[in-house]
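Shown next as structure tokens: one chain only, the form predicted on its own.
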């Protein structure tokens, strides 16, 4: 009995520790005071209105959206064949290759961002948007490979081999048999990669430049000059949208078993 009470107390403490910061942000976004405070002073929706009225937030939102969608699509196109080859085939150097493909997720983001800055901007003089797109694709690639690989491991290869034995080519059997059966895993990879890209700070911090910034970087810049609850309101919107996307996808596709 004592052990169960202790476990409940620990569970409550962990919930407070994990969810407490989000609750503080949400409540402070409704503050009627001109500065960010907790507990909030009064009640107001003015900060949510201000979020949509600030031009730089609107512009950087679409930059983050376009970059995230493009980088996620590219990472999936590149990651699917890599995941398929690592799951279905055995070859020399496979473990080393898997480690190499995972390196962008293992190495600290600031190190990857600085390396990409040196390569894309200083050596190739690449446009900022192109460097940002390639940089985000590089960090999303390991996530797509891992999630798609997990989905492929849950799919019985004997079904694919049966299609091949009946005369279907390997490419045709992939699109007609494998692809429909791993679509939940592909959806999970897409959502995980897109959210990672949209919320990324370390890579974007190095690869953005004059006139080009992502939404998280613009939020950091805004906080350097203002300390009002506008950022709390914007953060609350992002949190709620992320939860809605993940929960909707879970209800429709059951994606959390791959994430």
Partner chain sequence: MSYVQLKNIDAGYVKGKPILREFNLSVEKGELLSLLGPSGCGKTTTLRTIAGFIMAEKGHVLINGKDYSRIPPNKRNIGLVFQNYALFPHLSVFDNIAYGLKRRKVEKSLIRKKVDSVIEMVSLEDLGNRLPAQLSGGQRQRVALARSIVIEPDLLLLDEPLSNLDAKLRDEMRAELSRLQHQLGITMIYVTHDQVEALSLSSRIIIMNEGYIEQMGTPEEIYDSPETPFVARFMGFDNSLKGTVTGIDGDALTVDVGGTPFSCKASRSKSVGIGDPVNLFFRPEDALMGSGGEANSLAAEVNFYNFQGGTTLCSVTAAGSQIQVLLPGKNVIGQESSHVLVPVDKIIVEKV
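Residue numbers count along the first chain shown, from 1. Small disclaimer: the values here were computed from a predicted structure and weren't measured.
There is also a form predicted in complex with its partner chain; it is not shown, and the following applies to it.
Visitor: Identify which of 130, 172, 95, 77 has a heavy atom within 4.5 Å of its partner chain in the predicted complex; exactly one of them does.
Guide: None of the other options qualify; the answer is 172.
Visitor: Exactly one residue in 187, 163, 73, 117 has a non-hydrogen atom within 4.5 Å of its partner chain in the predicted complex; which is it?
Guide: The residue in contact is 163.
Visitor: Could you confirm whether residue 86 comes within 4.5 Å of its partner chain in the predicted complex, counting heavy atoms only?
Guide: Contact check for residue 86: no, nothing within 4.5 Å of its partner chain in the predicted complex.
Visitor: Looking at the partner-bound form in the predicted complex, is residue 125 within 4.5 Å of its partner chain by any heavy atom?
Guide: Residue-level check for residue 125: no, no contact with its partner chain.
Visitor: In the predicted complex, does residue 159 come within 4.5 Å of its partner chain, counting heavy atoms only?
Guide: Residue-level check for residue 159: yes, a contact with its partner chain.
Visitor: Flag residue 167 as yes or no: does it have a non-hydrogen atom within 4.5 angstroms of any non-hydrogen atom of its partner chain in the predicted complex?
Guide: Yes, contact at 4.5 Å.
Visitor: Taking the partner as it appears in the predicted complex, which of 145-153, 132-140, 174-182, 77-85 has residues with heavy atoms within 4.5 Å of its partner chain?
Guide: Residues of 174-182 come within 4.5 Å of the partner.
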